[in-house]
Every structure is written in structure tokens, then in C-alpha cells.
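Here you get one chain, nothing else, as C-alpha cells; it is the form predicted on its own.
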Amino acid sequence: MAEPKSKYDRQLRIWGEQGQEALEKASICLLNCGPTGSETLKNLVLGGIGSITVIDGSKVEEGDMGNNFMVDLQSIAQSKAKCVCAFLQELNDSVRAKFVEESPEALIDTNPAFFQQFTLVIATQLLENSILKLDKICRQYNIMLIVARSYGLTGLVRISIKEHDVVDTKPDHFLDDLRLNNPWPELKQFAESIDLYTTDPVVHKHTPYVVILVKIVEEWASAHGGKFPSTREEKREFKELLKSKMISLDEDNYKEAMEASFKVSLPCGISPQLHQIVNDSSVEIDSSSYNFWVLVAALKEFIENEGGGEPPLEGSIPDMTSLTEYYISLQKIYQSKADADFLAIEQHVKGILKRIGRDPDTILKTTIKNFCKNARKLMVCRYRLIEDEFNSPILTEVQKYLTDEDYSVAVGFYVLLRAVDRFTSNYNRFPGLFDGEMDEDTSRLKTIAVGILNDMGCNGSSLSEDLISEMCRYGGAELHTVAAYIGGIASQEAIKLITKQFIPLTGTFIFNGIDHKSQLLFL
């Protein structure tokens, strides 16, 4: 991987070699290569996706010159899929690219098995009926689906997949796994070997804050019936106790201890989110279970046995003021505990695989190690069928959005995008396409939108007249700036799904170009 390492240097720093390898193995299918589809695929091609297949049955027209950078004047009257594919290939010649000059709608209707060869399908600018059919096909073959749409000054992105598990969620803010309020014997022994009352000023001001907190909280607990500081007043008193141990004002290690003092009051054990995952019904493992759930089952056994209610230790420690020898000793203690926890989890994994009749070495050590390192941050995302969302949305959420000033435009666009699809199916054109029929189209679109609201259970609800007129004014236009933005979001989500890193969108993403807002609707 010498050449890709330099070629993809910046992104490797974000998702690492494991993530890049997943991208290079992925096969993407794009339906419709207008501006939204082209912009989505452009980002993935530049990122080094393995292969792309572009499906589009249309020819390049003059109008495409104004909003699609993946075609030029020489492309007019040629296959749009072929031209876009050629331009994308120029951006990264290591990506395998091919095209199918066929209508996506026809392919969905006549050859659903075609889609089972792909890792991910990205459907752009498809009408509602085709989206619902495609969603069921992708579910049947367990293929990930992203729906992306841009329309005038609005657009949406929606992910659909039965289940998506994320091990490396990369949260923006997550506390270090230090176990200050539940030290294991080796950490406690190391802390006890250090004298906090030393008269050597250099040693005193370079004792790591981990040791300070482990010792002082034990001192506190001895004086408070074995309890750690819990109330606001007790936490304040604990900070004062730490401050009283300082022998000079420039002791950064004690300042670090005071800043991290809240960590000793954190609850032991696992988070509610992790508790929900380890008690999920999928933890009942059989021979067809995914590797992720085998690992979760092993994690559950570890928590109930060796872990004593805790997940495996991550093994890393943050930078801190410390003597070098103390810091290195701490690093070794934490890493040693993490290694021991990994070995225990590995044995549970092998035992579970053996019990269900699978090769005990099926799951690689690197996979298990990565799982242990991120065990506290696991995430499982499950998505409703798009048809279920359309037919039985969460009524309380819809009503909340309709009456919330911050969300009313977003849910209005959501309803109107569906109304546009029904209008197009009924009249074989987009509303507002002809100036002379603008008023009539606005009335028709309003009637359809009200019908959709009634179907959603929101009888008597209505949408802004200005918003309905605005949708008609768009006339089905795909503005390049909006398409580029929606394409950026769609490609970002595709990378999350393929690399299984970061948390993907769990609702319907709506872009409101009028108010410059992006919002998620959970329906």
C-alpha cells in the first residue's frame, strides 16, 4: 500500500488503513448521474472507492451544462452515464468504473437481483414508488441504501439498512478510561508506592494526577464511610482537600487533579447504551450470527465474569504532568491490564465460536483488539423501512415538528418532496414546469400535500402557502450548489457506512436552503 499511503495521506489520518481498505473493497452503484449523483460519486472516487457502476438511461442535454461538471459540450446527445463515468475515472484512475445505459426505474422493476453485487446503492432523484421498491430489494439482499434528493433550494438524505453496527464511533467528547474510582490491584499497588507527602519539591510537583486522585479519594472514602464525593458540596470539599495538598502555587499536577476530580464520582460499570446493546436479543448467538454480535456476546460474558461489571480497559492514558519514570510505569500498568482483558475476551470469542460450530479463529485478533479498545463506545443503528415511515410515521414527532417554528419548514419540505413525487406520477411532469400553469399546479400540489398530511394522521394540519408556491417555483430544478451540498452529505454517510466508523445519520436529513438550515427528522 505504498502508493495509496501517499495518495490518501490526509484521509488515512482520519479513518486509518483499516478504513481505507474497506473503501477500496467497496462496490458502489449510483442511480441517476445528474448533479446530485455526480457530486456524490465524485467525492467517493477521490477518496479511493473500489469500484463504481453508474446507472442512467438519459442522454446529455444542453441544460446539463449549467449544473453538472461531469459533462461538457462534446457530451451533448451522448449517454450521460458513459460521459459521467469517463470524467469520474479521470479523477482517480485506480477506481474501477463502468456504466449501464438503462433507466434505473426499469432496472428496479425488471432485474432486482442486479443490485445484490454491490456494497452500497446510492439512489438519487428517484420518485417515491421506485424508492419503496428499491428499499425492499436492498433489504432482501442486505445491501446498504442511501437515498439522496436535491430539488430547488431543498434536499434530503436518508439511509436505509436493517442494522448497522459501529465499533469505532469516534465520539467528539469521551472521557478517558482511567478507573480512578475502581482501581485494579496493580494500579492501586503503584499508587501506594508513591509518597504524596514527600519533601522533594521536584517529585511532589511531578506526581501524576492519576496517582493523586487514586490516593486522595481513598483517603476521602475512609473518612466518609466508604463513600465517594457525590453531592455538589462534597465535590467542592474534595477539590479543597486536593488543593490543601499543594506545597506551592505552580504545581500543575495538582491543578490537573482538581480539573479531573469529577471523574472519581462517575458511576462504575457500563453505560445505559452499552447495557442495552449487551442485552439485545441478537446476543442469543447461533451459527448465522454476525461477527459483531459474537463479539458482543463475548463482551457480556467478560463483564459478568472477569470484568466485575466493567468493560475491558482501553489501555491508553492522556498526557499529564509527571516524572518520565512514573508516566512510563503508568502506561505499562494500563497497557498490561488492557492486554489481559483482551486475552480474556479472545478466549470468550473462541469459546462462543466453537459452541455454535464455527472455526474459533474466524474472527481475527486485530478485530477483537479493536473491539476491546472501543467497547465503551459501541453503537447499533437500526432503520425502519421507508415504506413504514411513509405509512405509519411517529405521529407525536410529526405533530411536534409541524408546530415547532424551528422545524416547521423542514417537515414542510419533507411533505412537499413526497407531494412532488405524487404530482409527477399523476401528471408526468414536475409542478411549476410551465409558467402558464403555476397557479393551477400550486393548488394541485397543496391538495396532494394535505392528503399526505391526512394519511400521516395529521388531519386539519396545513403547510405554509409560501412554501407550496416556492416548491412550484423550483419546477424540478437541480441547482448545482444544493446538489453539491447534498452530494457531500450523501458521500460522507457512505464513507461512515462502508468504514463502519463514526455514527451515521439515524433520521431523515433535510436541507433548507431558504433559511440555511440542516435538520434531522426522526419519523
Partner chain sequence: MDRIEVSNLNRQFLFRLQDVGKPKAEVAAMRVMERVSGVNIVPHFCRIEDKNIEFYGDFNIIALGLDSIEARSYINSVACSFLEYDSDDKPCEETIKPMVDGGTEGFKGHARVILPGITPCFECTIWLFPPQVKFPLCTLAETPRTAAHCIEYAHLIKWNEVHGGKSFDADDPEHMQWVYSEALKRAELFGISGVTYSLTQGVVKNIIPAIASTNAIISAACALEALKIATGFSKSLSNYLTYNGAEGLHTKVTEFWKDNDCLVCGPGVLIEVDSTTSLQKFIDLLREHPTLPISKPSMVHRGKNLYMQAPPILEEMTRSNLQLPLFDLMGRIPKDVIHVTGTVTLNDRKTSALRKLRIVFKGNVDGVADMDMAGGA
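Residue numbers count along the first chain shown, from 1. Every value quoted in this text rests on a predicted model; they were computed, and no experiment measured them.
As for the form predicted in complex with the partner chain, it is not shown, yet the points below apply to it.
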{"item": "Listed residue that, although the partner chain is not shown, lies within 4.5 Å of it in the predicted complex (heavy atoms), from V264, L313, V296, M320", "value": "M320"}
{"item": "Option touching the partner chain, based on a heavy atom within 4.5 Å in the predicted complex, out of A223, L364, L73, I247", "value": "L73"}
{"item": "Check all three, R13, P171 and I328, heavy atom within 4.5 Å of the partner chain in the predicted complex", "value": "yes"}
{"item": "Any non-hydrogen atom of F87 within 4.5 angstroms of the partner chain in the predicted complex", "value": "yes"}
{"item": "is_contact(H206, the partner chain) in the predicted complex, heavy atom dist at most 4.5 Å", "value": "yes"}
{"item": "Partner contact for V100 in the predicted complex: the partner chain, 4.5 angstroms, heavy atom", "value": "no"}
{"item": "4.5 Å heavy atom contact, L467 to the partner chain in the predicted complex", "value": "no"}
{"item": "Which of 459-467, 51-59, 479-487, 24-32 sits within 4.5 Å of the partner chain in the predicted complex, heavy atom basis", "value": "479-487"}
{"item": "Interface residues of 37-74 toward the partner chain, as seen in the predicted complex [heavy atoms, 4.5 Å]", "value": "K42, N43, L46, G47, F69, M70, V71, D72, L73"}
